[in-house]
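Just the one chain here, laid out as structure tokens, in the form predicted alone.
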Amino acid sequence: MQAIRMMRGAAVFAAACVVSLYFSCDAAADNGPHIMGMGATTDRCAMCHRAHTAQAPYLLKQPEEALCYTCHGTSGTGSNLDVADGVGYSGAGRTGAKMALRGGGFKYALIDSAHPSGNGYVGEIPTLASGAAVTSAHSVDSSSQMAWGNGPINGSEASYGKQVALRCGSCHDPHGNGNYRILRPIPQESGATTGVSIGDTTAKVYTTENYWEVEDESAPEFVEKISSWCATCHTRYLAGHNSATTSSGDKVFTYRHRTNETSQSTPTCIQCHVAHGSNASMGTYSAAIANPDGSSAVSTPAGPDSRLLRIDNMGVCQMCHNK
């Protein structure tokens, strides 16, 4: 990323490939109703909760996924951010330019994963004009997923991780907490005891025109801390510079690609993977890679599991190594 630094201009999300999008809508992450300290007489509790006629746990008027999608779903009316379809809009009421969300989408994404260009940290992954069905996504409907690598280094027996039932609120605090994207310092169900807080910013950058450029210049702590935040669940995936040649001592996650570098010019989890969902496709060899426990990855209707990767066939490797 040294070269990227030289290319930065005045654009908020730079390299001339990323467009900033600032929303002033009723319900965008760390905006709208998701702000801590709303005061004793706030009217916003009634948006989501019912005291005596709730239809879901935590006194929610709907199950959590459906409730979040009333604002952030395909037909949601409360936010310009459609996380189901992986798009954001520049104008109020979902008008104006339609752009690709940085985190992809839970059902569809606009990642042109088949046409990357460049190499190293100076590269581009374009966006699609319309969404493609995702081939991997984090769960938001309370269904169980394996948090691979969860737990401490274990040299005495094979330990793979643990099953977690993910919801939107597992990672995000709907009441607001002053953190970047209202991320919880400790995601629920993670089992972590130490949290990671990523500082928030006034300028909100939700969309991109280049999925290889992962920085958010309006939030300088994002790249610095995001790998440590991911590792609150995927503990043993956090690895240092020499981890590819030095054994961790773990029976399963023994040699690992580095992920915990904190400067803007070194690998992080978010460089290779998106947070919500990817439409990348996997070929013969990529699709055949088993899960850490040896089981076959479960394919989706759109194709083999893409592990939230940004480029087809694990092409993220070629972007840096160019073999």
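Just so you know, these numbers come straight off a predicted model, no measurement behind them. Under this definition, the rigid core comprises the largest set of C-alpha atoms superposing within 1.5 Å between the forms. Numbering starts at 1 and runs along the sequence shown.
Same protein, other form: the form predicted together with ligand HEC, not shown, and the subject of what follows.
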item: Contact stretch among 174-182, 151-159, 123-131, 109-117 - heavy atom within 4.5 Å of ligand HEC in the predicted complex; value: 174-182
item: Contact label in the predicted complex: residue 98 to ligand HEC, heavy atom within 4.5 Å; value: no
item: Non-hydrogen atom contact residue 49 with ligand HEC in the predicted complex at 4.5 angstroms; value: yes
item: Exercise: residue 209 in contact with ligand HEC in the predicted complex, heavy atom 4.5 Å; value: no
item: Residue 75: touches ligand HEC in the predicted complex, heavy atom cutoff 4.5 angstroms; value: no
item: Contact assignment for ligand HEC in the predicted complex, among 196, 168, 192, 219, heavy atom within 4.5 Å; value: 168
item: Contacts with ligand HEC in the predicted complex - residues in 69-96 whose heavy atoms fall within 4.5 Å; value: 69, 70, 71, 72, 78, 79, 80, 81, 83
item: Displaced residue check between the shown form and the other one: residue 257, CA, 2 Å or over, core reference; value: no
